[in-house]
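Have a look below at one chain only, the form predicted on its own, in C-alpha cells format.
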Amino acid sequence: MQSFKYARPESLPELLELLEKFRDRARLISGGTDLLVKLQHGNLAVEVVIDIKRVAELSDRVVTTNGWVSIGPRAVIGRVVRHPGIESAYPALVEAGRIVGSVQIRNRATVAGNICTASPAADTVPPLCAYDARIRLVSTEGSREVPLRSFFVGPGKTVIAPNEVLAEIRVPAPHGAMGSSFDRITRRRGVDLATINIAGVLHDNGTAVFAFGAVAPTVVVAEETSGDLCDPTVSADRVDEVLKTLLATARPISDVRSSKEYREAMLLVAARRVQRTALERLTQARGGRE
C-alpha cells in the first residue's frame, strides 16, 4: 500500500475546505469497504484520505420528512434495511441491501458509498433508481440535487465534482398504492458481484418502473405506462411481451462472471419474478382488490 495523508474533519466547512485544496487527489472514507481494498491492492493513487465519520452535518440516520425519506451519507446498509419506514415502504431496497456482502460488511458499508463507487453491479442502486431517488451534492459553491438515474456516467464514474460531497439521499414517499421487488442472479450468494440484478416498482396508476444492473456500463431504467404489468388479470404471455420490450433497453456483455447470452436469457427469468412479487405487493397495498 502506498503512503498517503489522513485527515479527519470535524465539520462540513472543514471537509469542503479540504476538498477544495486536494480535489481529485483526495478520497473520502466512511465505511471503507471498497476504498481500503483498492488502496491495499495498489489500484488507487491518492494524496489524502479524508475520514467523514466525525462530520456532524453528514447524518448517519434515516429520517422521514416533508414527503421524502432522507438517508444520511454515513448511514450503513445494515441500519437502513432495518429501519421500520424503509422496511414497510421500500421492500426492494431492503431485499437488495440484505444481500450486500456479509453482515460485517453491511454494518460498515454505507448506502452512499455503494452509490459513489459506481459499480454497474451495485445492488442498492437499481431499487433506488426505480424509486426515483435523488442525490444532494454540496460544495463551497452551494448545493445541487441530481436524479440518481443521471448520477452515473460510466463504470466507476459519476457526475460528482472533485470538490463535492454527497450530503443526502432523498427517496420520495409513496403516493398511492405501490408494490416493489428486487432480484439478482449471481454465482455465489453473499460474496460475489451480481451477474444481473433487477428492481421493479409497480404503481397504482398503472406505471411500472424497472431498473437493471450489471447489464450496461451504468444502471438501465425503463418505464412502462400501459398498466398491463400492474393488472393481475393480464395474461402471462402479455406480461412477457411487455417485459421483453423493457429488457430491450439493456446491453449485456460477456465478462468473467457470465456470457452475454446467459445474461440475456436470465434477464427475463429474473424480471418475471420481480414483476410477480411486486404485483402481489401492489394488490395487498390496494387492500386486496383487483
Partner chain sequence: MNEMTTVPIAVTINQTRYDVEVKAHHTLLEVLREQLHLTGTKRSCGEGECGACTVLVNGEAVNSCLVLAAEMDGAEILTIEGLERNGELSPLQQAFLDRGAVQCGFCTPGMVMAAEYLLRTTPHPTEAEIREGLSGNLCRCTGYEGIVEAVKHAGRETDS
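If you're wondering where the values come from, they're calculated on a predicted model, not measured in any experiment. Numbering follows the first chain given and starts at 1.
Although not depicted, the form predicted together with the partner chain is the subject of the following passage.
At a distance of at most 4.5 angstroms from the partner chain in the predicted complex, none of the three residues 206, 224 and 235 contributes a non-hydrogen atom.
Remark: residue 40 counts among the residues lining the partner chain in the predicted complex, judged by a heavy atom distance of 4.5 Å or less. In the predicted complex, the partner chain sits within 4.5 Å of a heavy atom belonging to residue 79. Remark: residue 59 does not count among the residues lining the partner chain in the predicted complex, judged by a heavy atom distance of 4.5 Å or less. The partner chain in the predicted complex is approached by residue 21, whose closest heavy atom lies within 4.5 angstroms of it. Of the stretches 64-72, 241-249, 44-52, 224-232, only 44-52 has residues with a heavy atom within 4.5 Å of the partner chain in the predicted complex.
The contact with the partner chain in the predicted complex, taken as any heavy atom within 4.5 Å, belongs to 108 out of 108, 170, 149, 83.
Along 8-45, residues 8, 14, 18, 21, 22, 29, 30, 31, 32, 33, 36, 37, 40, 41 each place a heavy atom within 4.5 Å of the partner chain in the predicted complex.
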